[in-house]
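Next comes just one chain, in structure tokens: the form predicted alone.
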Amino acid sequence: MHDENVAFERPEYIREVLDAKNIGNIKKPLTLWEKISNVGALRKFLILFVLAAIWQGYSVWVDNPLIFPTFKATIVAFYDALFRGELLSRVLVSIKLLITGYSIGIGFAMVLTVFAISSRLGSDFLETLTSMFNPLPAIALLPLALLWFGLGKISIIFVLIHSVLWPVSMNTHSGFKSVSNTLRMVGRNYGLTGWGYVSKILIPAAFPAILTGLKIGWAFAWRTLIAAELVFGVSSGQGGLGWFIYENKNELEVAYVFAGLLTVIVIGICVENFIFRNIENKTVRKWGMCS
């Protein structure tokens, strides 16, 4: 047995400081490929380049411009329609309708969401409407829109509102419901009430879900608009991008049809990368709310 009164001495251990020069390479320079691969824009451009090469190769193999024109022919048709034809004016018509329907749809979605977070009845009301109308394709309402509003812009705006309203409402409401009780109590402890509580606590905390809803609503609205213009075409004497595609299909100008489809894709890429990505970088990424 050890005597409890005996003190044990621990031998001293002296660690010598190492010279940093002998440690090795602390900062390793990146290779050229690592520098290039770290740029997101270049990675996406490479993906687009590969897809274009596949398109060109497949169309050359098919060798039938009436079925599948080459990427080169599509680019030539796109340039001709943009600078010598009506493509730009058709795009502006579609964008104007899209912004109108999208904005009104977001406005209605905000009203429904405020009602939903205000009471249990409002939440049940929104959930019931969403389960009823969200699965309903917006284009399926086009015949009713034509009966109610006639052949014109209002019919297209009606189906655009339907395509935007439900995904934005559902995601916004889900975002508000997912705000933690801790954040809610912080807002209450600071004495925030009413709009101050909503704008400084609820909206920032729920903004990732809100932004997702806005993206989904935009995508639904964009494809609904093109489909609606393909169905009944000209609105108030001037057709949009969908009507441009439909007209060229009837004239068997398949390269111009692909040019119209390429325009739809380019606009979608631009909106996603230059609008929504900037909003995301200045909000949820800046706040550290996404990976």
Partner chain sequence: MAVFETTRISDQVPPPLLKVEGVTLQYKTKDHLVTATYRVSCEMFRSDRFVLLGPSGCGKSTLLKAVGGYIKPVEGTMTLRGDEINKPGPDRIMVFQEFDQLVPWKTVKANIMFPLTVSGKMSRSEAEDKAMFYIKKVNLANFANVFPHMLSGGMKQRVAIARAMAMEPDILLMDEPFAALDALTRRKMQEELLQLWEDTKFTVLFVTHSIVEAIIVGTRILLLSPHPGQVKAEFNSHMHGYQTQDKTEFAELQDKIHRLLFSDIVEEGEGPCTTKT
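Positions refer to the first chain, counted from 1. Since this is a predicted model, take the numbers as computed values, not measurements.
FYI, the form predicted in complex with the partner chain isn't displayed, but the following is about it.
Undergrad: Can you pick out, from Lys200, Lys96, Lys72, Lys177, the residue that has a heavy atom within 4.5 Å of the partner chain in the predicted complex?
TA: Of the listed residues, the single hit is Lys200.
Undergrad: Of these, Met185, Met110, Leu147, Leu92, which has a heavy atom no more than 4.5 Å from the partner chain in the predicted complex?
TA: Looking at Met185, Met110, Leu147, Leu92 one by one, just Met185 meets the 4.5 Å heavy-atom criterion.
Undergrad: At 4.5 Å between heavy atoms, only one of the stretches 72 to 80, 137 to 145, 152 to 160, 177 to 185 reaches the partner chain in the predicted complex; which one is it?
TA: Answer to the contact question: 177 to 185.
Undergrad: Does any part of Gly191 reach within 4.5 Å of the partner chain in the predicted complex? Heavy atoms only, please.
TA: Yes, Gly191 sits close enough to the partner chain in the predicted complex that at least one of its heavy atoms falls within 4.5 Å.
Undergrad: So in the predicted complex, does Pro204 come within 4.5 Å of the partner chain, heavy atom to heavy atom?
TA: Pro204: yes, in contact with the partner chain in the predicted complex.
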